[in-house]
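One chain comes next, on its own, written as structure tokens: the form predicted on its own.
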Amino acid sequence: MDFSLTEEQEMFRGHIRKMLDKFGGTQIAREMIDDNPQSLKKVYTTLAELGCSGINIPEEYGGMDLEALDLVPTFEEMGRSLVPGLFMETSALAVPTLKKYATEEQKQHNLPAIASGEKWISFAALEPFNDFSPAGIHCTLVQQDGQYVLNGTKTLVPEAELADAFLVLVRTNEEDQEDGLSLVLIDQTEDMKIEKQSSFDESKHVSKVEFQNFIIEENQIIGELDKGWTQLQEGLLYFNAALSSYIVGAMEQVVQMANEYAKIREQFGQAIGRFQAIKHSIVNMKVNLEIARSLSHYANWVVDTDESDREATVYSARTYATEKFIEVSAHNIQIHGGIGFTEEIDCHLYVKRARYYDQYVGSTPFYQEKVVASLGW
């Protein structure tokens, strides 16, 4: 089976790479560390002008009505430059969820704005001192006098300051601990209390969002009430397939950095790339990259099908990519030696992003268990 991208997709990749290189590649991430999102906003505007934000949105809502596989060049190039922000949460989590479960009114309200790059959606699930599981969701949505009242705190919400709306996982049934959850989409308002938190990866901002007697309308509930966890699993298949593509792009840049440095750094009168230990290390990094790429491409193809190995494929791609991203970024530091630990060189940016995604929207062991369960073992 041929997993390579088409000629048109590779040409599109070239346009995105050229655009991101003009913005300085990882300079966008470095500016986010300094709390300066101006370049990031310009990048997102340009991505929307290129049509990236509408790739998987139906034509009747202003999109191109293409498949998840068509988003791969965009995600891989964004990963190569470590572009932060909410593109992945919006295009690979919110859009598939809205397409499958939202009402026509909700689609009309959200999808055209997303396609034009006017609306970016963050995801709020985690809560203080709880894990990413149904039992860990205590933020409540209760019906009172014909209204829905939301109370609770969400933590580690990505890029809350850039979000136009939040896809929030809430508890709507206290008796059903296995599910009893619902998804709600809330536009950002001044009534929300947003407090920035510390992040291991300073280029990825996270915040705590508090809801106190926050009133929402019934038409903000996405899909069937009390079935939010089941609906979220469908969205997470698309998200994890996209995340594996983003990581592949980042790994490719890491391997390229290690290879180029091994050619110019000399030791004992010759380039370190001539030593067997360095050669073997770079070859192993390249093998890991190509395996992750194959798994990622297949995951992004299979997620739009009814194949029986759909879940196992996506979760395998996610877990393999996150584990190997950590491994290759650590080897890159070793090859660079002492200079690899400095702020001036990009090596540390990739290490931190690898560790960030290792625990993002479910940990690697969490998804390894899902692989096992989906295979019936």
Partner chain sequence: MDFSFTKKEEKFRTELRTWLEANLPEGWLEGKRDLPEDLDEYSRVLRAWQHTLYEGGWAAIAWPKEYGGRGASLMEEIIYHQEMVRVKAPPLINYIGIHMVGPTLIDIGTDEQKERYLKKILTGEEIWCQGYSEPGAGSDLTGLKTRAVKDGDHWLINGQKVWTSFGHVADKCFLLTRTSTHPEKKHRGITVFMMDMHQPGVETLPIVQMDGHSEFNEVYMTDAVATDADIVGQVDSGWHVLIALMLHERTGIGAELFTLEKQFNDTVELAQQYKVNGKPLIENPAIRQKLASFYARVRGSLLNYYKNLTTTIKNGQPGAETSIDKLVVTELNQALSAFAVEIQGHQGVLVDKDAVADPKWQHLFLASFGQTIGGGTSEVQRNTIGERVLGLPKDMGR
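These numbers come from a predicted model, not from an experiment. Numbering follows the first chain given and starts at 1.
The same protein also exists as the form predicted together with the partner chain; that form is not shown, yet it is the one meant from here on.
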Assert contact_stretch over 228-236, 281-289, 119-127, 156-164 against the partner chain in the model of the complex, heavy atom within 4.5 Å, equals 281-289
Exactly one of 53, 313, 332, 322 comes within 4.5 Å of the partner chain in the model of the complex through a heavy atom, and that residue is 313
The partner chain in the model of the complex has a heavy atom of only one listed residue within 4.5 Å, and of 295, 168, 86, 181 that residue is 295
**Report entry** residue 262, heavy atom within 4.5 angstroms of the partner chain in the model of the complex
**Finding:** yes
is_contact(residue 273, the partner chain) in the model of the complex, heavy atom dist at most 4.5 Å
yes
*With a 4.5 Å heavy atom cut-off, would you call residue 69 a contact of the partner chain in the model of the complex?*
yes
Would you classify residue 14 as touching the partner chain in the model of the complex, given a 4.5 Å non-hydrogen atom cut-off? no
